[in-house]
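Okay, so here's just one chain, in structure tokens, the form predicted on its own.
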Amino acid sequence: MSLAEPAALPVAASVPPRLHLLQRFTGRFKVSLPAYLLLLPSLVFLALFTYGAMGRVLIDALYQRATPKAPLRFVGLDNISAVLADPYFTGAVVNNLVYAVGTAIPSIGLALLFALALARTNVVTSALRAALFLPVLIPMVAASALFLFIFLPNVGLLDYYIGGLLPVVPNWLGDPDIALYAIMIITIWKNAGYYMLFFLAGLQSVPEDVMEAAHLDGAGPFMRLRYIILPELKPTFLFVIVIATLNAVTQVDHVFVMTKGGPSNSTNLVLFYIYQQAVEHYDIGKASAATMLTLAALMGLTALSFRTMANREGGP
């Protein structure tokens, strides 16, 4: 090689930056390809039956369905305005709020008591855990049929055992003032054992050395619960509250089986209202608008909950 001949450049430096990035991306894609293939079936179902369905609902909410006398037409936000002005929808929202609060608080309170009482593992507590979790395994329709026999006036088990103690035997599912509270009992009965599992898992994270130190310092069970256990369970509480709220909106089987929204719409919940609009009245636009409003509320609640949890953990 003569002295005037320029030295050869390194191979890496001779590759254009864009081509180098493409090679890196291709290399990473080849490494991740098996993982993407494993996720592909779930992603397809998620795209079709979740986001695809949400997109279809959004489109339907903006249109008025076709009739023999009028074609399908774009109405913009008219369906949403009609739903917000419908007293049956606002009544269902109020019922759902009462139902959510009335089922979430007792369910979570009972679940915490069950978890505290059954935290230690032995034969007895394991059997009691299984017994308390058993209602979770029973389908809501079957549980509703069971409680329907319990609530039947004059012949039901409830009237048989406590009817004689009351001056007037109530019609548990026929009285508009108490029907909603009667169906709340089923939800509390089913969900308490389910939420108990989360609190049992949360109790595992309570530091044993801190509990022992508090015990040696003379802190009683209430003091340890107030200042150690409950603060450690705050993330669990937040998560369970979100789950309980979602269950309060998405569970409607018992309403369909036991009351069908009655009497006088006293047990009509939001999801049952959507069912009535879509199936009984065949008003797809109004049902889709109510669905979009419900989804927006639930997504806002979920985002707020995740944000709160991130702040507690010191996240961004």
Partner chain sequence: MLFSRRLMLGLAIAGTFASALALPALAEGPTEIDLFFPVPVDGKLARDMGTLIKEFNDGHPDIKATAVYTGSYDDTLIKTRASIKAGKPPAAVIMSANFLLDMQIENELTNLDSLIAADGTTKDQFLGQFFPALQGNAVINRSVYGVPFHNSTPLLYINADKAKEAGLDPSKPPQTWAELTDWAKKLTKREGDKVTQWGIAIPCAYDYCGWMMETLTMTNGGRYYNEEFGGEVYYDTPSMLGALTWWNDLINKYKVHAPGATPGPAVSTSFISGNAAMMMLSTGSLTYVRDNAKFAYKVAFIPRNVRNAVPIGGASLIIPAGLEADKQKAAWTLIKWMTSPEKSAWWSRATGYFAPNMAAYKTPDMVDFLNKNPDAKTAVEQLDVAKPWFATYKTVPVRKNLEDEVMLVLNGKKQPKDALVAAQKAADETLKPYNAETSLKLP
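Everything quoted here is computed from the prediction, not taken from an experiment. Positions refer to the first chain, counted from 1. Throughout, rigid core stands for the largest set of C-alpha atoms superposing within 1.5 Å between the two forms.
Just so it is clear, the following notes concern the form predicted together with the partner chain, a form of the same protein that is not shown.
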Heavy atoms within 4.5 Å of the partner chain in the predicted complex: which stretch in 224-232, 124-132, 181-189, 151-159 meets that? 151-159
Would S305 count as touching the partner chain in the predicted complex under a 4.5 Å heavy atom rule? no
Contact between L46 and the partner chain in the predicted complex at 4.5 Å, heavy atoms? yes
At 4.5 Å between heavy atoms, is G55 in contact with the partner chain in the predicted complex? no
Any chance V279 has a heavy atom within 4.5 Å of the partner chain in the predicted complex? yes
Would you give me the residues of 166-200 that have any heavy atom within 4.5 Å of the partner chain in the predicted complex, in order from first to last? L166, P167, V169, N171, G174, D175, P176, D177
Taking 2 Å as the cut-off, check whether the CA of L39 shifts that much or more between the shown form and the other one after a rigid core fit. yes
